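One chain follows as structure tokens, the form predicted on its own.
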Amino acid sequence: MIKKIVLSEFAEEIIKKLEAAGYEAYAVGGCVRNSIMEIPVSDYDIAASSIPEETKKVFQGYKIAETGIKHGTVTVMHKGNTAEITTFRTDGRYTDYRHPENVSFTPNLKEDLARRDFTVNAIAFSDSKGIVDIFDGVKDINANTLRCVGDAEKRFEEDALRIMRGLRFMSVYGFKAEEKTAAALHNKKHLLKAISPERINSELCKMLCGKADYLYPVLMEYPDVLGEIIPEIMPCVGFEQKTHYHNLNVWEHTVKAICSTEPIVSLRLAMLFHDLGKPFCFQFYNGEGHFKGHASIRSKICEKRMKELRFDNNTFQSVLALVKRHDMIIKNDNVILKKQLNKYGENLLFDLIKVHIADDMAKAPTAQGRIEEYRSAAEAAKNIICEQECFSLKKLAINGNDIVKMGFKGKEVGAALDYLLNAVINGKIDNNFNSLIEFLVINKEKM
């Protein structure tokens, strides 16, 4: 049973104005899908029988942007509201696995819906006509089924990005691909090589940030698809670790680790890359599997693939830092934590703790003993920050100018500050101006 679909006031206004001018108009795609699923809607796409020039006449007095005019799309803006209006259309031949060579306008809504990717996105709605569901998208929504409109392989050959969109819809909304769609996802995965890195990047990040319970089966069922983007995934599939620390193979461990951390892009990417170097350095001796050198290999894989996928520098640096240090020793020890807060900063240290916890949660139960210590370390680090304890030069009760006045010059100034900070962190001296001056005078020759 579908509850009444409620459109935004602006979407209703757009549709009613087009209908009043003698055209058909419907909300289509994600806004209808999300409304049916009772998920918040942010963007409204309108499909109409009017061609762009006719649409612009209907909305004289509104701000109009010809955002995709050759494909029949104009964007109408008014009083802070925005809606894209696209003419009913059919697509011409696809030659680059992404874009049609041309489009043809049609007065037929069914023809427009027939060109769309999945049935759940091929539903139209207006207050006057109700739901138009030619391809049983509502039925598939209710059954949590992802099904291509028409021939699945043809849909992916037209636009290979739909392959990544399919994985994303399963990860975010909990859909499961029906048999023919699932087979086409595997069979046409090689077409992803024709898609721009930026587009792949966007869909990959959205997919990885899906709900853990939905993401897990996607990662387990479609590693070959992701392997087209990150080839080092495939050697991990089925690779047994043969160590008492792990009861899962490398890919199973990786998937569980990804799903054990928060849906934050940098964290989930870090868990995706954190063990991809293992199959390339495996050694078996003394009855155990060993992976000496995998830290260097995983970092190189991470760096190479993230650059290929054109990640922004902030994300790239954050993920690489986590991957390089994901097995760094972290203890619930105030001195160690202060040194790490000073060296890595608050954000990176807390993210490293989250990475440690996710990694251990994906290990054998007997190897999960440090999870509580990591959590305690996080609380201790928070307390250090909350109590404004000194762990960095900016918190030191003395500065470079003070050191200069004592007669220090050049590199001596930085060395003196570091010496004092280290003494404060190790509890040798209180962080107050007079104590620091006295300590420096007494220990000047030891620096």
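Treat the numbers as computed from the prediction; the structure is a model and nothing was measured. We number the residues from 1 along the sequence you see.
Missing here is the form predicted in complex with a small molecule; even so, the following discussion is about that form.
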(request) Considering the small molecule in the predicted bound form, find the one stretch among 59-67, 403-411, 383-391, 42-50 with heavy atoms no farther than 4.5 Å from it. (result) 42-50
(message) Even though the partner isn't displayed, in the predicted bound form is residue 169 close enough to the small molecule, meaning a heavy atom within 4.5 Å?
(response) yes
(request) Considering only heavy atoms, tell me if residue 268 and the small molecule come within 4.5 Å of each other in the predicted bound form. (result) no
(request) Decide whether residue 338 counts as a contact residue for the small molecule in the predicted bound form under a heavy atom distance cut-off of 4.5 Å. (result) no
(request) Indicate whether the small molecule has at least one heavy atom within 4.5 Å of a heavy atom of residue 116 in the predicted bound form. (result) yes
(request) Scan 256, 147, 326, 165 and let me know which has any heavy atom within 4.5 Å of the small molecule in the predicted bound form. (result) 165
(request) Could you spot which one of 260, 249, 299, 121 gets a heavy atom to within 4.5 Å of the small molecule in the predicted bound form? (result) 121
